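One chain follows as structure tokens, the form predicted on its own.
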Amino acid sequence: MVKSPGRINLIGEHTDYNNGFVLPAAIDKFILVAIQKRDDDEIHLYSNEFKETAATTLQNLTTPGKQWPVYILGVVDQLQKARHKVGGFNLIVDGDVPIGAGMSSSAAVECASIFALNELFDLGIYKMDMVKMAQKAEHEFARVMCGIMDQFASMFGKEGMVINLDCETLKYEYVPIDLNGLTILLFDSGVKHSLASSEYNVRRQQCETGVNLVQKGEPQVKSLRNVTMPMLEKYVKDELIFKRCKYVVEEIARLQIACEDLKNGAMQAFGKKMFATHEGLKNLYEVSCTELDVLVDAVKNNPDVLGARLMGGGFGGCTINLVKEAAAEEIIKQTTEKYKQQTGKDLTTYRVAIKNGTAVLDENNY
């Protein structure tokens, strides 16, 4: 049995596929897989969440009409392409990472599956290579052109730490986060986003368009990671493309200062940057929605809330809130009431802690 966590991202949203920086952490919500070998070439899967089975073979990795198996079979496909010897297996998947809430349940399934297969068949794959394969599984099987942050955070998470990950070089630094007297709350809008059918891939294309425009005058530029605001102002005249790129360039810079805030224990300053990120996601990148804005507006003038913003791809899912522990229950109560009043929807809340990444399940980490 293997467990792999969901993730939060404190700051640095939509920067990963632009070769920028992100600041994720693994959380205490997990996907669990139990796996055993078979003596044939068949793959038998069961999802406790959906109460569904799926069966296929190593030669034909398809389960028509079902979406959840793609995250497991996509990993098998990557292992086969890398010429790793995998046999038939039975696998049960379960867990408490909410689906569609922006905590990367799909990445947790991919990481748990590849880690379990690596153990079961003694493949000897390094963690970093497992992360890259899990990302490619999402690209090629789930058809979502995600960055590498979700899989990386799920695999490499460390208790009490956030990860400053350079998505261009995959170099990373663990940064301690002092949550003494603070807690992290996630407010789930109840709006289910599907990145594959949302504007996620459109935003990626818009960013690439911006890079192409800048490259005409600055051929050394490879991604928005290398772009400055003066470059954008000089080369990108399309208003929409400019807005998209402006958000990413500003967010990459904002994250670096935010890491210094954490190192200095300046949590108030860090929280202000979370609010600034939400404004950018709302007004420049335009991936927010009414429900997410209601949730951020509900807390932004509360002195017990240091920071809040939408988290994940956008168009639904959760807001992440950095709040004073002593006021958490009252904040939950007030926000739940405001949300119901303004949207007619019930609010689900999660309190999360920062934990370790993917691991074999034993009595020490159950």
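Each residue number is its position in the shown sequence, starting from 1. Bear in mind the structure is a predicted one, so any value in this text is a computation, not a measurement.
Missing here is the form predicted in complex with a small molecule; even so, the following discussion is about that form.
**Study point:** 4.5 angstroms heavy atom contact with the small molecule in the model of the complex for Y200
**Key:** Y200: yes, in contact with the small molecule in the model of the complex.
Practice item. Classify P98 as contacting or not contacting the small molecule in the model of the complex by the rule of any non-hydrogen atom within 4.5 angstroms, answering yes or no. Key: Close contact is absent here: in the model of the complex, P98 is far from the small molecule, nothing within 4.5 Å, heavy atoms only.
Review point. Is the gap between G317 and the small molecule in the model of the complex 4.5 Å or less for some heavy atom pair?
Key: Although the small molecule is absent here, G317 would stay clear of it in the model of the complex, with no heavy atoms inside 4.5 Å.
Review point. Taking 4.5 angstroms as the cut-off for heavy atoms, does G313 touch the small molecule in the model of the complex?
Key: Yes, G313 is a contact residue.
Point to revise | Residue among L117, L79, M274, C146 with a heavy atom within 4.5 Å of the small molecule in the model of the complex | key: Going through each option in turn, the one that passes is C146.
Check your understanding: For the chain shown here without its partner, which stretch in 305-313, 23-31, 50-58, 337-345 has non-hydrogen atoms within 4.5 angstroms of the small molecule in the model of the complex?
Key -> Of the stretches listed, the one contacting the partner is 305-313.
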